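Next up: a single chain in structure tokens, the form predicted on its own.
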Amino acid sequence: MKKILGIGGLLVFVCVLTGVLNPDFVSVYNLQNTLRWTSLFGVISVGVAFVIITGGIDLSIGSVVGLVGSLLAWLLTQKGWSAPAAVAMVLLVSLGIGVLHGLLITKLRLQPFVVTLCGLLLYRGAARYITDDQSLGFGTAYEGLRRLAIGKIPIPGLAADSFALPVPFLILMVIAVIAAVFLNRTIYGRYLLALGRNETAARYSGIHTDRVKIIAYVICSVSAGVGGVLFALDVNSIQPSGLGEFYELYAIAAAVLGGCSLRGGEGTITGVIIGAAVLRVLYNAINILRIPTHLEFAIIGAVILAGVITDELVKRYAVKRRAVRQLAAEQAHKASVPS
């Protein structure tokens, strides 16, 4: 809870500061746009959180987004598939990628870093090959499908031209609720946390650790697949060499900033979503305050580093306080026992 309050406070601070420096930040258009993009990145961040909680990593998220988006456009515009069939196929592909990652890591004992780094290169190359490295667009024939990414739902009681909830935000909320219930209210969620804290102890306690790892990587890849569909529908013009590029860094950063420990065993879905919001608000602030865009990664990197350092220092301080309290309790107990 303290981590959530901390990252939530940072989000409020950045929003207030940006709003004071430029009132356009709180305009209806900008708030809707920021919320939509936060939701899109939140979807893939929730997925990677499950992998990080197990102590693993997935560097292929951006390339999975690119492959799924390119494949969706290719199936719809070049092969004439129906929208439901094309969406089902690309999500099935993303599920297969997750299973492949999980099997390579658990059965061949390969390092997650190596497996997903190879995936990053492989899936990007596959996207460029399938589309002949040509840009693809949905045109006007799939406006109904595109509402999944660009649609808005009016809030009852507000004027039609006032703030409306982007559809991706509702999709993120559904995914977040399911993810939170799975992580906190099911036996497999507890297995994920136990695996991240101590894999050997989890195995000796009877947990099928290989199965749990595979589940984590499947969740991550399917989330990236859902994100790939939404990102593709949002931009409408798919560039296989660029769609999803560096998105894995945003997703991992959001998860870590939101409280997921790279050592494993820690993380909350709420924190991850707030972490994704912080990154997108920072990006938006850089643009709206007319800060040179080439400083974007430097500023975001500095904020992430500051957040991680602060979190580590707080952890060390908490450990020291617990040690001091325990020592004081032991001394008090010894003093109360007659010699």
Partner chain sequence: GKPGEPAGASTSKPSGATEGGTSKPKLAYVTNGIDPFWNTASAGVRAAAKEFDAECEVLMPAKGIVDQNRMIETLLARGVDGIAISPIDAANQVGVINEAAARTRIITQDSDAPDSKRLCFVGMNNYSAGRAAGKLVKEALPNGGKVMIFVGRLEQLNAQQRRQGVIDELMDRAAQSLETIQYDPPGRVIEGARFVVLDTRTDNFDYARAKANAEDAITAHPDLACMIGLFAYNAPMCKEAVKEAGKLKSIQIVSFDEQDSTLQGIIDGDVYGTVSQQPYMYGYHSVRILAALKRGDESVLPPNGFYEVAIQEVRKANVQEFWTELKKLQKGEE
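Remember, predicted model here, so these are calculated numbers, not experimental data. Residue numbers count along the first chain shown, from 1.
Just so you know, the form predicted in complex with the partner chain exists too; it's not on screen, but the next bit is about it.
Residue contact with the partner chain in the model of the complex: Y247 places a heavy atom within 4.5 Å of it.
The partner chain is not shown here, but in the model of the complex it comes within 4.5 Å of a heavy atom of I150. Not displayed here, the partner chain is kept clear of T268 by more than 4.5 Å at the level of heavy atoms in the model of the complex. Using a 4.5 Å cutoff between non-hydrogen atoms, S237 counts as a contact of the partner chain in the model of the complex.
Contact with the partner chain in the model of the complex, judged as any non-hydrogen atom within 4.5 angstroms, is confined among 162-170, 216-224, 89-97, 131-139 to 131-139. Scanning 278-306 for heavy atoms within 4.5 Å of the partner chain in the model of the complex gives R280, Y283, N284, I286, N287, I288, R290, I291, P292, T293, E296, F297 in sequence order.
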